[in-house]
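The chain below stands alone and is given as structure tokens, in the form predicted alone.
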């Protein structure tokens, strides 16, 4: 795609913009003020510098990426003549609908309009749209420029098949792993699976079965280690479906099935212990260790990213 407009330059928007610019599309990042755009540019510079350090890209490629990036507080400049517009604004339906009305007043009928929403159904996002057939959800995961998965959500019988194909082909060209949901379901796939895991982790923590550190170690040094290259269903083929069935007979009845978030999470919110932002969550942080946590996460993600690219090249 020659030109792409990104509406929202925050945590997700800047990463999506970086990805597309790295692959040769002219990207215009829009936000409501210059301060947000300045922060976005800084985050992109930091991300690209880390990729250079890991020898994933060259310094010349880093410079070239900025040749394909521009930043603006003018909405029309961001979306005019764009082949795709990506909406990455807060999860407020009325706000998103307002943004779509603005987009459709400017762009051509052929322009694809996508949302990175993780919570609002596409059927709600297209209400009032002039051309609902060109709307889809492309759900990225942070950091969007690194994590391969993009979930694509359509409306059966409404979404234009060519919109899907063009988007899937472009995401694949950008090195992503796009997957298409056959049906719309709350939370899509990744967040449903993630929350199922988190519900059990919260139950184990709340009931004093193990410390936060030990629960995290179980995932990082067993399931996480395995799931980098082996999905849960293909893993069952190796383990044997019969074994899984018999284990399920014993475990399914005793797994946590609470229908609302665990009470201690609300207590943490009320006590303003919500993680890195307040320097205390399940763990405690200093300003330095909080920054180091993000850097270490991204560095480790880049190592896995590099390894995956090497594996795919074989």
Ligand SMILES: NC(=O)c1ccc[n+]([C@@H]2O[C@H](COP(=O)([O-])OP(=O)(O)OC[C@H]3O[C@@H](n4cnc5c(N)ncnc54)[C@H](O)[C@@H]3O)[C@@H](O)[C@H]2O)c1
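Remember, it's a predicted structure, so these values are computed and weren't measured experimentally. Positions refer to the first chain, counted from 1.
The protein also exists as the form predicted together with the ligand; that form is not presented, and the subsequent description refers to it.
This chain appears without its partner; in the model of the complex, the one residue of 206, 200, 214, 91 with a heavy atom within 4.5 Å of the ligand is 91.
Among the residues 118, 73, 236, 172, the one placing a heavy atom within 4.5 Å of the ligand in the model of the complex is 118.
Contact annotation for residue 10: at least one heavy atom lies within 4.5 Å of the ligand in the model of the complex. Taking the partner from elsewhere, residue 129 is found to have every heavy atom lying beyond 4.5 Å of the ligand in the model of the complex. At a distance threshold of 4.5 angstroms between non-hydrogen atoms, residue 135 is out of contact with the ligand in the model of the complex.
Taking the partner from elsewhere, residue 96 is found to have a heavy atom lying within 4.5 Å of the ligand in the model of the complex. Stretch 83 to 91 is the answer when you ask which of 83 to 91, 160 to 168, 214 to 222, 239 to 247 has residues with heavy atoms within 4.5 Å of the ligand in the model of the complex. In the model of the complex, 30, 31, 32, 33, 36 are the residues of 28 to 46 with at least one heavy atom within 4.5 Å of the ligand, listed from first to last.
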